[in-house]
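Below you'll find only one chain, the form predicted alone, shown as structure tokens.
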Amino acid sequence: MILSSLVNASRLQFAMTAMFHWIFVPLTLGLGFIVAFMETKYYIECKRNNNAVTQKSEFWKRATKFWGRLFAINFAIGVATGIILEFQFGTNWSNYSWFVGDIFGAPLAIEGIFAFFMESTFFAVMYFGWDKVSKKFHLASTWLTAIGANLSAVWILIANSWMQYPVGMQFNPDTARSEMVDFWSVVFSPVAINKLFHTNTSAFMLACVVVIGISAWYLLKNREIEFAKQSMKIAGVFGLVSALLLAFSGDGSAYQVGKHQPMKLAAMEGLYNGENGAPLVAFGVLNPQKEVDNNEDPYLFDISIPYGLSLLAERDIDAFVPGINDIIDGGYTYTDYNGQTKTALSFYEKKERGEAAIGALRKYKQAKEAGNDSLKNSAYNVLQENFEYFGYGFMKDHNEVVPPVALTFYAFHIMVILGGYFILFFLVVLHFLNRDARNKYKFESQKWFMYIAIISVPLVYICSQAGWIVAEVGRQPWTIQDLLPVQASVSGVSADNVYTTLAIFFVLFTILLIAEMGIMFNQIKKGPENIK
């Protein structure tokens, strides 16, 4: 009970910190490129007029500075919350850090170099260097800030992807640590590549919706009409491209989940009993009475796309997709990522092999201390044969490997529905802007759409947070898939201490969020007209 309380406290603190952090990060990742696009237009206009000040060049300079200020506000607070987030690996998750620090630490170190050297250096030039450096160098600094922000996110995502699909590693029984043996396998794993594209394009989409929502507010107030329309045009094009790429990468991510984390996919769909030609639930309401060990119907109501899940998970409309019960019971055949046909082990078979691996590690250490090389080598071989199920040795029963189904299911479907909505949203924005440009009517007269655009800002944040809920809640109980569960990852600290720091962090982050929103709203209220 004490350990369970500590695990829950540590998980809750990390989740709270991560969700607060992710409020600021995606806007920074996308807004950096929007600012760079605008400054590029400013630079081109200056070159066209031999650096003479024109109304058009001043327009783009003001636009760049305005959105740059909003970028700067999020950048600063994002860095602050990110530092607290990373510190938790040492404070609350020290066993995890010991087990995989040699692997997990490498991308975090590279991220630190990008975030605190490249990104911060060029950010200073971008924000403070107007009229102090050449226009070309300032433009280059703005682009490098945007690229650096996304590169720093890349390494965090690589680290997170490795936790979901651990490759390029080897366990060292002498140190009881996992060691990296192939850096490029970690960087270019299929899970990492899809996560990079999916997460970054979601951030771009979020920033574009925010820019359109703020611009819509100006149109409602009949202020900065041209500024708002030009901002909407850039955000609309960038957002539509990002949303389409987001849908494409989301399909790839779901395929990777099906290959490497079938339990997560089953939870995403509320699928308890697998089938050939499995349908994809487009909309549904789960039965709260449904559990693994009963025969209740999983859904109170659902609308499904025939064969959709089989096509999504296996690229074959007739393929078998295992449900939660199938994954627990095992016995079904599947094709792994290397194209080999295998028979799935049951939970209790995996548990037996995990216990064998843990026992072999204990015997290895004892044999090493006793100087018994024969027994040591024998134990090492048993460990290697069973290591892929190492984490199951810490489990008590099959219910522990089932993630929170309802939270994963609803988060997944909210994310997908809103993702489809935003593709339509960007199309409508560009349609209205096109008609406005051809003098069919004034875009600002469509006040009903301005309200929709403003309401879409909180919706895109919900969509973004839902994506991370799917990714992280859906892989529970694992910190490292199949190798290390959460109960074996936490530090040996008091649960009361964790709850105390949780309360402190919550208050601190809430104050930071309120302050950030107050500063943002103040800057938006002032508008670009007051920027010189």
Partner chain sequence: METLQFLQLYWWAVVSLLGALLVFLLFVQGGQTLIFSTASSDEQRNLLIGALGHKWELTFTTLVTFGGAAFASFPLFYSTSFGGAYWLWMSILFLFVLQAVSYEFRNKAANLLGTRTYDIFLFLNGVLGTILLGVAVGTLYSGGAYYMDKLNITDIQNTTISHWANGWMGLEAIAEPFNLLLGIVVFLAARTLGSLFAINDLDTASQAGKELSARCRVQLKVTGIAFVLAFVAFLVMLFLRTGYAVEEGVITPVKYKYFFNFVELVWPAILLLAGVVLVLAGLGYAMFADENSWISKKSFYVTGGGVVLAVWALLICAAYNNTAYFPSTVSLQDSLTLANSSSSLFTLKVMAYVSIAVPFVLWYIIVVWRKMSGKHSEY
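Owing to the predicted nature of the structure, the values given are computational and were not obtained by experimental measurement. Positions refer to the first chain, counted from 1.
Beyond what is shown, the protein has a form predicted in complex with the partner chain; the following relates to that form.
All of 292, 296 and 410 within 4.5 Å of the partner chain in the predicted complex, heavy atom check
No residue of the spot touches the partner chain in the predicted complex.
124, 247, 455, 237 - the one with a heavy atom within 4.5 Å of the partner chain in the predicted complex = Filtering the options by heavy-atom distance leaves 124.
Exercise for review: Report the residue, out of 441, 332, 421, 117, that has at least one non-hydrogen atom within 4.5 angstroms of the partner chain in the predicted complex.
Suggested key: Partner contact (heavy atom, 4.5 Å) among the options: 117.
| query | in the predicted complex, which of the stretches 40 to 48, 487 to 495, 465 to 473, 58 to 66 has residues with heavy atoms within 4.5 Å of the partner chain? | reply | Selected range: 487 to 495.
* Asked: Is residue 204 a contact residue for the partner chain in the predicted complex, using a 4.5 Å heavy atom cut-off?
  -> No, residue 204 stays farther than 4.5 Å from the partner chain in the predicted complex.
Exercise for review: Indicate whether the partner chain has at least one heavy atom within 4.5 Å of a heavy atom of residue 301 in the predicted complex.
Suggested key: Contact check for residue 301: no, nothing within 4.5 Å of the partner chain in the predicted complex.
| query | Would residue 181 sit within 4.5 Å of the partner chain in the predicted complex, counting heavy atoms only? | reply | Output for residue 181 is yes: heavy atoms within 4.5 Å of the partner chain.
Taking heavy atoms only, is residue 75 within 4.5 angstroms of the partner chain in the predicted complex?
Within the cut-off, so yes.
Practice item. Would you give me the residues of 346 to 360 that have any heavy atom within 4.5 Å of the partner chain in the predicted complex, in order from first to last? Key: The one in contact is 358.
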